[in-house]
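The chain that follows stands alone, in the form predicted alone, written as structure tokens.
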């Protein structure tokens, strides 16, 4: 039976009050930094709102959503976003797995190599964008210089100005920045695999592919689920690399949902419509995350 304290407050209520007191700062921070901006954005999406009528916005119902879904720019940006996310996450996962397998082996200089591999991850995204803009620069960039020196290119290529290559250039920059995170997380998962299982499989005559398929992959399932979901979310909302390297061009070939939302809100100054794009973008991301979790959740 629950003991009642002298002032009529039970131990359970005291624990709840203490728990709420401890969590209150974090909950308030989450409300002000995440939930309130999201609700504010959803609210603005139902208004005809621009810089000229910020103090007196006009409610227009679903007109912003109707325009966004019928103009074609949203669908085009959605296709670019999905293409980019699928390519970068797939390539990142394959290379990250190969790199983590390499770093999991015993060899001289392994610790130094692990430290070097992490360097791109600590570089700010803006710096990464500027660095790769210089590398891809048509006249004096490192990429053209190297490829022309070894005979792959006959003349300089305008990487970020070519409609067929601009998205590739952004993917390369994003891959360089994000690969260390994927490899490090997979490596951490590999090091938690009991070596007794690997040794038992080796004694039973399993080759390296069989060890990887039947021991490594099953043990990495939860890690793979987490890191790939993080990668999907991170790249679905990627904005700095696209805006700094291409600004959505050329010919809108790199206009993702993040770029389209920014252009609509802060260049065309149609804040209500930009908020509608952001709301649809959020809903799509939540649906993708839910489906992804559903597919990979163990039953």
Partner chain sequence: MKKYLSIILITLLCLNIFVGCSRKEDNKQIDNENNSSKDTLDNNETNLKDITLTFASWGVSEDSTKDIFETMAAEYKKINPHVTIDYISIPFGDIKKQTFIMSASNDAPDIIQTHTAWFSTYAASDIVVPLDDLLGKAYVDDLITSLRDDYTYRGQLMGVPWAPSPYILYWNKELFEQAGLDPETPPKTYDDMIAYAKKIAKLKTDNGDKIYGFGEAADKLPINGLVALRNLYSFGGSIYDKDGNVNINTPEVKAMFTFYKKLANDDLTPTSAKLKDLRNLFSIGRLGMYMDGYYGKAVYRNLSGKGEAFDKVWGAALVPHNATGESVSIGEAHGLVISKDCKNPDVAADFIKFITDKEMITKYHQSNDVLSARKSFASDPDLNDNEIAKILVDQLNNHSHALPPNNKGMEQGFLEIAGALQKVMLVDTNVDDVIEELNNKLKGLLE
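In this text, all values refer to a predicted model and were calculated from it rather than measured experimentally. In this text, rigid core is short for the largest set of C-alphas that superpose within 1.5 Å between two forms. Positions refer to the first chain, counted from 1.
Omitted here: the form predicted together with the partner chain. The next part is about that form.
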- residue 69: heavy atom within 4.5 Å of the partner chain in the predicted complex? no
- Task: Using a 4.5 Å heavy atom cut-off, state whether residue 209 contacts the partner chain in the predicted complex.
- Result: no
- Query: Hey, in the predicted complex, is residue 46 touching the partner chain, heavy atoms inside 4.5 Å?
  - Reply: no
- Contact test in the predicted complex: residue 269 vs the partner chain, heavy atoms, 4.5 Å: yes
- Task: Would you point out which of 57-65, 226-234, 261-269, 38-46 contains residues with a non-hydrogen atom within 4.5 Å of the partner chain in the predicted complex?
- Result: 261-269
- Residues within stretch 36-68 having a non-hydrogen atom within 4.5 Å of the partner chain in the predicted complex: 51, 52, 53, 54, 55
- Task: Determine, after fitting the two forms on their core, whether residue 17 shows a C-alpha shift of 2 Å or more between this form and the one not shown.
- Result: yes
